[in-house]
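Single chain ahead, written as structure tokens, the form predicted on its own.
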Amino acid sequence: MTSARLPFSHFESLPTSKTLRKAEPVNGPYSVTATLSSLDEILEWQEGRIEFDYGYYRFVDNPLLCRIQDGLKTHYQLRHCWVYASLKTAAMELMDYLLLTKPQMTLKLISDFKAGDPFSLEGSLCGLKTVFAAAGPDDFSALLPFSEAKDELLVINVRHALEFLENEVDFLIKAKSLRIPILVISDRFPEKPWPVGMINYWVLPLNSEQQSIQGGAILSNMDRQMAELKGLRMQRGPVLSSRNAAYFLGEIEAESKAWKDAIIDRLCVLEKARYGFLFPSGMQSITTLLTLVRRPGKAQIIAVGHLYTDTYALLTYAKQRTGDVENIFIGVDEMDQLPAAINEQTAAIITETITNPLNDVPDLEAIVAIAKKHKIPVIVDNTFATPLHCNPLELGVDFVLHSTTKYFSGKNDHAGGAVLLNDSVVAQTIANYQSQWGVELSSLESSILWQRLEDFEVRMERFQNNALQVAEFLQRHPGIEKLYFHNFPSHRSYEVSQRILTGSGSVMSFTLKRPGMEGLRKFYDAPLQHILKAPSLGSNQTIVCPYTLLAHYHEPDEALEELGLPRYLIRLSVGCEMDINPVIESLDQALG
């Protein structure tokens, strides 16, 4: 074990006001999910009565992240702290959020960083749709006067930030007297706590300029804003890797070799792509593409079929980012509505090769044909099918997304995302965005992903074979009301799937003959000895979860009916076990 890289080796997680429930991580300290052993436990968590110490990384911060966040809060005597993939990510996400809440805000920047400095924001702020004035730390005339009549944000991005603030108290007092929020982006950890009342937001690097492993943190006493930022961080996906957190806590060493280029080459071969990019999470991949394809006056997204929960949420609650433009949702059985839905505001069409969780297969050929007539890009999340069962780029799709957390990894201990494409101009735009926002997969995570990819093809063959056996069992079982599996003629996407896909994938969903919560409880609370009870998929070990209760718990019945989602739907992600019979036996016993 190495010495702590953060200046405080005693970081520990703070007690919570809620009951903290132990959850078993699926695969060690870097697990991206954890077992949820009973239905009541899930309901208590959804109702806010308990918190988990481990959980699916989209829902629950890994304990290593919590240790850093709580340690920083304690040391700097602030109420809130969230950690991000890099300092630049943290700064850009915060400014983007603040400018989103007040679109006419003027950003006024004080900076002494030169272009190319690791912590410089030069070249990044152009990604924020606002007017800003800049001044060096010795000349504020370009920023004055401040005005009460309009919204302004003062951003201080200087070396030795604490010393600068101590020397410019009068300037800060003037800004505060006019209720101008102040954001300080520091290049290092000050050893002593700051004057809390003077500054609204602090952004800190977890790394030094010399370290290749990156991380950043936002600290503040602004309760509502920080709560909303937490939700956005989970939704948009720029969260700090748990391995990076362990590195900053001094518990692991950095990798001597980054495997990013080798991984991109491998994924490009698999997806028949020319260019590839790796991100901290699958959601960050999606967020990046949605950001880049939209622009003023052309910000509408059309979604075909069910999407990953957070993708759906990004589009459902995107009105704040797109003005009055409503995104459009079309079912796979409503393809005849797609041409009429496209208008001058449409920026892109997004879908999945196999949708989550109802196993629909959108007709990519038809979607591409319609999109090309209108010169609209098509984005496809290929996580469920993987490139072994579908190559959307060969069908004319413009962008392919993956959550590398799932099948590419298989071990539930890696978080990452990927974007694959063929257009060189757009590839350069994505590269610029990654640099501007600091959203890249860390070398620690890329090293793990490279190891996991070694036997990807072999594992996928077992995934496929096992899934077919399990689906056939469920199709015959008298305890099953309905099975959602596109590889069977009874599924509405069967014909399209046979034309678009070369394999089934391993995710399926079903409802039970025994109705309601009690039927679900009887099944889910059964031992299920050879199946993990956890919210994830693409795992080498079979995983089950009550999908709708986890992903759409607070949705009213009318909304679920409109989505076509049964409230007590169960999702099963079949693994690549060498012997699938124990999994089938566990299902048989639970179904009674």
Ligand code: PLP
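The numbering used is simple: start at 1 and walk along the sequence shown. Small disclaimer: the values here were computed from a predicted structure and weren't measured.
Omitted here: the form predicted together with ligand PLP. The next part is about that form.
For residue 58, a non-hydrogen atom is located within 4.5 Å of ligand PLP in the predicted bound form, even though that partner is not displayed. In the predicted bound form, ligand PLP sits within 4.5 Å of a heavy atom belonging to residue 406.
Not displayed here, ligand PLP is approached by residue 537 to within 4.5 Å at the level of heavy atoms in the predicted bound form. Put simply, residue 308 is close to ligand PLP in the predicted bound form: some heavy atom of it is within 4.5 Å. Note on the partner interface in the predicted bound form: the residue among 387, 215, 282, 276 having a heavy atom within 4.5 angstroms of ligand PLP is 282. The contact with ligand PLP in the predicted bound form, taken as any heavy atom within 4.5 Å, belongs to 381 out of 360, 445, 381, 93. Here the chain stands alone, but in the predicted bound form its contact with ligand PLP, taken as any heavy atom within 4.5 Å, falls in 50-58 among 50-58, 37-45, 549-557, 519-527. Contacts to ligand PLP in the predicted bound form (heavy atom within 4.5 Å) from stretch 341-365: 352, 356.
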